[in-house]
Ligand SMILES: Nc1ncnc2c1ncn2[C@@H]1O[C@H](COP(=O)(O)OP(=O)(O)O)[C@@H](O)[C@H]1O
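Shown next as structure tokens: one chain only, the form predicted on its own.
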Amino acid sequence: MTGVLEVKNLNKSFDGIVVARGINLSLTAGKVLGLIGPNGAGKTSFFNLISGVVKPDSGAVTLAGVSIDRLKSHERVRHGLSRTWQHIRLFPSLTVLDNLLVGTHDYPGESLLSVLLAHARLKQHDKIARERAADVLGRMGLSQVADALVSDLPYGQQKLIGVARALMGDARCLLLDEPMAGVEGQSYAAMQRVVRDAADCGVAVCVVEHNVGFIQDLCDEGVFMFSGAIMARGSVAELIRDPQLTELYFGH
């Protein structure tokens, strides 16, 4: 097992409101870590700090042994950090396939010169990207909707497509922010399978989720956050049996 993402003493506050308080966390290749806690605990803020959406007040983040503190969000993606969002951020007027192709991060770019001088390279890149998209959609059971408009699909499938796009970039580390919100039935089982498959392929996965059953079924380990700080780490079963943590989560 190899350490992929290392977070050391991460701190952030907004006008005196602390959203990250001395966070130290390691994500391991091939493992799924569940991040649980009540609303306002700082879970999404933690993802925003790691992915470069928000700049921390202090602390350090390394990915595969390389500091990514000074990198912008898109540069962190190129280094192997990928994430999804609480609210679906897809292009509703594009097809499912085109939404996945947007997720490729090493596209050589388009210009008159590239079209004239590197047409074969662009064509080869497009071929590889489409093959990868077809593979990802096949593993998620979405091949039959590849040419459908995203706006025509049910919410659960749209959530799956968001994860599929995040998997398009050969991620070393995958951050999933409430992937199960609004997901049920076949999409629920597919989400479990896809996340587990990503970990089995060596990706370090961290999942923020309020569906404790999903977290317990899927995750190798859990972390409990409250008021911007990590309160405990252990098996999910241990965390949800802890009366102090249960009271913090659900209240009296």
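From 1 onward, residues are counted along the sequence shown. Since we're looking at a predicted model, the values are computed, not measured.
Note that the form predicted in complex with this ligand isn't included here; everything after this is about it.
Each of 14, 43 and 86 comes within 4.5 Å of this ligand in the predicted complex, counting any heavy atom.
Taking the partner from the other structure, this ligand in the predicted complex has a heavy atom within 4.5 Å of a heavy atom of residue 38.
This ligand is not drawn, but in the predicted complex it has a heavy atom within 4.5 Å of residue 19. Remark: of stretches 194-202, 25-33, 60-68, 43-51, the one touching this ligand in the predicted complex is 43-51 (heavy atom within 4.5 Å).
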